[in-house]
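One chain follows as structure tokens, the form predicted alone.
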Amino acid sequence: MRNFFARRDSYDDLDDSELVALAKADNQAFGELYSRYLKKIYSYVYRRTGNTHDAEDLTAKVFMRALAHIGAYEDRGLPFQAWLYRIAHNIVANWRRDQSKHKIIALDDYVARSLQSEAPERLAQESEETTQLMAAVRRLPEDRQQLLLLKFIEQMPNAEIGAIMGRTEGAVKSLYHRTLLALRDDLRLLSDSASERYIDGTKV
């Protein structure tokens, strides 16, 4: 996507807090923040929308809203990116509510890329396991899918996830624990069901 904000090299050595302070009165400083986080925010939005057109449109809205509200931003001890992800979360949530047919988190591309580096002899075995896991993830409620996305793909700590999802850190830990248990039970039921269809290696 085209960068609509100007950028100046002299901002490169500033940390986020310094840039935010400048960005409240200087759009060029905000341009540096845009450059730093564009790929991360786009990646997050893309995985929740599943297509490039909507991802580009919503990502642009994220940064336009951030620019419009940067003056009211307050440092509460969390990284600046947590604020951006919170804006992205709200924009995507509104977009999803407007869709007549909701889409799921598009994690398949991420899994596929990670498997490309594996040895060929392992791919056949892992392919079926991956398919089952992704299907189980899709059956989870939206908030649990988002939690897994932020924790495993964005690799965020619980405090940042809580800030994005509007939950306490303790609530995030609890939801994460319940999510893993739900996935385990889902996969166990699937495995038991598959086993019942075979007797002594013969499909029944």
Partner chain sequence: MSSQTELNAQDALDAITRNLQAGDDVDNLLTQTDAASTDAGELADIIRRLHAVLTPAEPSRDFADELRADLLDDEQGMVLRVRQMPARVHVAAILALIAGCLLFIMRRLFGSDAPQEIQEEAVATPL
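Residue numbers count along the first chain shown, from 1. Rigid core (definition): largest C-alpha set, two forms, superposition within 1.5 Å. What you are looking at is a predicted structure, and each value in this text was computed from that prediction instead of being measured.
From this point on, the text means the form predicted in complex with its partner chain, which you will not see here.
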| property | result |
| --- | --- |
| Its partner chain in the model of the complex: contacted by all of Arg47, Glu56 and Leu187, heavy atom 4.5 Å | yes |
| 4.5 Å heavy atom contact, Gln81 to its partner chain in the model of the complex | no |
| 4.5 Å heavy atom contact, Leu183 and its partner chain in the model of the complex | yes |
| 4.5 Å heavy atom contact, Arg139 and its partner chain in the model of the complex | no |
| Thr168, heavy atom within 4.5 angstroms of its partner chain in the model of the complex | no |
| Heavy atom contacts to its partner chain in the model of the complex at 4.5 Å, residues of 134 to 157 in sequence order | Met134, Val137, Leu148, Leu149, Lys151, Phe152, Ile153, Gln155 |
| After fitting the core, Arg184 CA displacement of 2 Å or more between this form and the one not shown | yes |
| Threshold 2 Å Cα movement between this form and the one not shown for Pro157, core superposed | yes |
| Rigid-core frame, C-alpha of Gln28, shift of 2 angstroms or more between this form and the one not shown | no |
| Closer or farther in the model of the complex, the Cα atoms of Glu169 and Gly71, when the shift from this form is 3 Å or more | farther |
| Glu169 and Tyr73, C-alpha gap in the model of the complex relative to this structure (3 Å or more) | farther |
